[in-house]
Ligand SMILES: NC(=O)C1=CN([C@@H]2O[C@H](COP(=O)(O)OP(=O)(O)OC[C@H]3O[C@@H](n4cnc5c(N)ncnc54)[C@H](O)[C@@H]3O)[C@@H](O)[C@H]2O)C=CC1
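As a starting point, one isolated chain is supplied in structure tokens, in the form predicted alone.
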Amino acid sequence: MAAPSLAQGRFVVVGGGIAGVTCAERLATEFPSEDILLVTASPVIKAVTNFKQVSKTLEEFDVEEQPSTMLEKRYPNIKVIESGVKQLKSQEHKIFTEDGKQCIYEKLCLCAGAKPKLIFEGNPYVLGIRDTDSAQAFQNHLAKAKRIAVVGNGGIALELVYEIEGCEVIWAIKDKAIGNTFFDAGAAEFLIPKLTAEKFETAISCKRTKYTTEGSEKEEGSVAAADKLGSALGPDWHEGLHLKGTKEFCHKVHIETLCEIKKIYLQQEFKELQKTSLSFPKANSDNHNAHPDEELWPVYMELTNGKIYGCDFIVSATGVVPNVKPFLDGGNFALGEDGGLKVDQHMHSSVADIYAAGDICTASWEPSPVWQQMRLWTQARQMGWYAAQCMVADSLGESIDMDFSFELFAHVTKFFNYKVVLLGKYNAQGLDLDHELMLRCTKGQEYVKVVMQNGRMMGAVLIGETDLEETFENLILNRMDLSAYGEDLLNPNVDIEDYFD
């Protein structure tokens, strides 16, 4: 048998998502004469394009899928190895790829992302959406669907439910209100009317070029192949996908709150057990008057509130788990409570010469009072960039300060076609009960919430075109005592920017 081919690099990065690509690009720029090896299981990588620094901490960018050859063209010293990682031997400074290669590293950065937490593994009617291939499979199924169920309450679930047309949607969430990761109940109330409104906005043309892996369409049955991991989806992932079911109406969404899936039945089992499922509840009707469903469905879900609904398939959008498995045998890693590789303030893991960035890692330093880790695009980019800087500093024996992007949590995104800005402890995360909330809301236009503690602004949620993000960012960072302004802080007739420029 031929000996496995050997690759060697001073720096090796694992993962073709935002964190890994950003890290490799930064290293390639800092060390133009060194080979940087990027090991990725997917033939396409995720590149940051149209990057714009909106304010000190807020940044906007598009995420584009590109063939890895484009990355090698831009950075001649980046060599992409297209294969998954089978094993790590940290004592020998080696990783083994699934296609039989060995890579020897001086310093290694693990950016292998996270994988969807599927509610039920291996069920052909349960789809997890995390990467572009699974989104494609979802679209193929939706074209034939009359009713689907969506389980989960994060960003992907929110966008999905809003974008689906011509198909009944039963949305099961374990919280009281939608979008619990990002919003409080007030913001959820502000957004809900958009779920029933007809959408008049013209779709913006898709900013990302799509490359699907060859042959990915050949077997429809493999939709639940969650072990084949692509990179995570971009913030505008649904653009350019035709998310339309078979029916001739726009939105039909029924939300079941405070519940989870208890059991899933396939049609045969459901018939044998002689269970009764409910029809789609009528709009504005009392929740209890849903009638038994006459129709037979391919799959049924029983909720913890006792209700059973049939549907064509179930979308599992219940978050992600760090993808650490391939690395645990060969390295004695300290893990965070969420299962990620613990990293210190220099993105260094507990194993010598191994760093980690993005969704795979758990930030274990003492964070700034207004920053928290969330597995989002923006943080993947910041961590990948900063991890590279730390690797460079280590190699040159220099010291490095914590990057400014970890001073304040700041994220800008779009939900239901509204611009959404989240700053600091926007949901009062980890604050004691002595905090207070101030609200300003104009129906259908804007929703502004600030979190105050001891006269200081600790966080904010801005939905709509409020133009307050920079002012609020400064107020949070400067830790200024704002007690004197009281309610005027959110008074639309008081030009708050004039106070604090």
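Quantities reported herein were computed from a predicted structural model and do not represent experimental measurements. So that there is no doubt, residue numbering starts at 1 and follows the sequence shown.
The following text describes the form predicted in complex with the named molecule, which does not appear among the structures shown.
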*Can Phe182 be called a contact residue for the named molecule in the predicted complex at 4.5 Å between heavy atoms?*
yes
*Going by a heavy atom distance of 4.5 Å, is Pro281 a contact of the named molecule in the predicted complex?*
no
*Mark Lys307 yes when one of its heavy atoms lies within 4.5 Å of a heavy atom of the named molecule in the predicted complex, and no otherwise.*
no
_When the contact criterion is heavy atoms within 4.5 Å, does His291 count as touching the named molecule in the predicted complex?_
no
_Under a 4.5 angstroms heavy atom criterion, identify the one residue in His348, Lys94, Arg375, Lys79 near the named molecule in the predicted complex._
Arg375
*Of these, Lys107, His411, His254, Lys101, which has a heavy atom no more than 4.5 Å from the named molecule in the predicted complex?*
His411
_Only one of 393-401, 315-323, 332-340, 262-270 has heavy atoms within 4.5 Å of the named molecule in the predicted complex; I'd like to know which._
315-323
*Three residues, Gly152, Glu159 and Lys174; all within 4.5 Å of the named molecule in the predicted complex via heavy atoms?*
yes
